[in-house]
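For reference, the chain that follows is the form predicted alone, supplied as C-alpha cells.
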C-alpha cells in the first residue's frame, strides 16, 4: 500500500465509498485499485512526469466529495446541458435531448438502462500502462456522462457538460463515455470550472469510441480555481474513415495534467489535436499527447501553443508512433511557446517513432519571446509598446482558436482569450 504524504488517507477516504453496480464494473474497479496499490501516484522519477512535481498535491488532506446543491450561478446556454457538482450529477440544472438515436444521461443512469452497452465499451480505450490517476478514476469514479449516438445519426444540437468544483479540499473522479456509431456525428463541449481560491482535485477521464466514418468534435475548456489540481485524460479509438478532433484550452488551475491518446485502428481515420495554454502566476500545465498510427492510410494533425507569463510553466510531450504496417501515414505535429516573462518556462519534447518506410511525418517546436521586428513595426505606426505586445500576443493565441469548427464556440473563446490577454490594453496611441 502507498504510504507517501496523504495518499494513504485518500485510500482510507475511498474505502468508505459504496457502489451499487454490475459485477463486471465491480471487477474493473477491483483490478484498477490493485494496480494503483502497486504503482501509486506518479512522481518526478517517472520519465513522463519528470517536469511535473506533485508534492503540493500529495500533501493535501482531501476528502471524497459528496452530493451538494449548486452554489454558483451558471451563464445561460443555448446548448443541451448536463451539470455535475463536485463529481455528482445535478438534475435540477441539467436539460435533456429528445432526438431519435441519441441517448444522453449520467453514468449512473446509463448503468441502470444501458448496462450491456457500457460493458462493451467502458474501459476499452484505456492504455495498458495507465498511470495512478487513471487507475484511481476507474476504481472510484462517482459519476460522469454517457453519450450514445446510433449509426447514421447526426446530433442536432451541441452538447455541453459543465463540471463545477465548489467544495474546498474535495476529491472527485468523473468518468465519461462518448460512443459514436458508424456514420454518426456529434459535438461535445466539456467545461471545468471552480470556485475562486478553492483547493481541490478534479480527476476526469473521457473515452471516445468513433465508429466507421463517425465525426466527433470534442472540446475541453478549463477554468478551474487558481489553487486547483486538475488531472484529465481523453482516450480515443477510431475506426475506418472516422474523424475526431480534440480541442484542449487551459486557462487556469494551479497544476494541470492532460493525457490525450488516440489509436487509429481503421484506414482513412483522421485525428486532429489543438491545444492552447494561458499560464500566469505559478500555474503549471502539462500536456501529454500520443497518436498511434496502427494501420495504413491514416492522418493526424496536431497544433499546440502556450503563452506563459510571470513564473508559469508549461510542459508538452507529443508522441507520434507509426507502426510497421502503417504505410502511407501522413502526420504533422507543432508546438510553439511564447514567453512573456524572464521567469516563465516551457519544456517541450516532440517525438516521432516511425517503423514504416512509406510515410510523410513532420514535427517541430519553438520557444521564444515576441518578435522584435513585429513590435518595432507596430510602434512605428504609432501604437504604444504595451498595446503592441498585447495585440501580438492575442494574434499568437488566435491561430489556435481559428482552427475551431463551431462558430459559437470560436466566438466565445475569442472573447474569453481577448479578455485574458487584452484586459490591460492601453490606449493604442
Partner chain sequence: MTDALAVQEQNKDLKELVKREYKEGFVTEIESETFEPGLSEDVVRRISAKKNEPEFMLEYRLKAFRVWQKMKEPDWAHIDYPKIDFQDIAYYSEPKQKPKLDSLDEVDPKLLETYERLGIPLEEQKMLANVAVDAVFDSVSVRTTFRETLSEAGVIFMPISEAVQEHPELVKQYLSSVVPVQDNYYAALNSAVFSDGSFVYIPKGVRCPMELSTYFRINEMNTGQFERTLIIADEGSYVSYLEGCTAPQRDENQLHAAVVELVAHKDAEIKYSTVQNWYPGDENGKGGIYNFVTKRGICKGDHAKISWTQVETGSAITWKYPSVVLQGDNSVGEFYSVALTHNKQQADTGTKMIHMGKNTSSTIISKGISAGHGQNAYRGLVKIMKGADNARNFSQCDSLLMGDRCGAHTYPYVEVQNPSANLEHEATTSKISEDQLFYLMQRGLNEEAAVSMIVNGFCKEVFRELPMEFAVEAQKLLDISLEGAVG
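Residue numbers count along the first chain shown, from 1. A quick note: this is a predicted structure, and the numbers were derived from the prediction, not measured.
The same protein has a further form, the form predicted together with the partner chain, not shown here; the description that follows concerns it.
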{"property": "Residue (of 327, 245, 290, 187) lying close to the partner chain in the predicted complex, criterion heavy atoms within 4.5 Å", "result": "327"}
{"property": "The unique member of 115, 339, 239, 150 whose heavy atoms fall within 4.5 Å of the partner chain in the predicted complex", "result": "339"}
{"property": "4.5 Å heavy atom contact with the partner chain in the predicted complex for all of 47, 346 and 360", "result": "yes"}
{"property": "Contact of residue 266 with the partner chain in the predicted complex (heavy atom, 4.5 Å)", "result": "no"}
{"property": "The partner chain contact at residue 394 in the predicted complex, heavy atom, 4.5 Å", "result": "no"}
{"property": "is_contact(residue 351, the partner chain) in the predicted complex, heavy atom dist at most 4.5 Å", "result": "yes"}
{"property": "Residue contact check: residue 386 to the partner chain in the predicted complex, 4.5 Å heavy atom", "result": "no"}
{"property": "Interface stretch in the predicted complex with the partner chain - options 171-179, 156-164, 94-102, 352-360, non-hydrogen atom within 4.5 Å", "result": "352-360"}
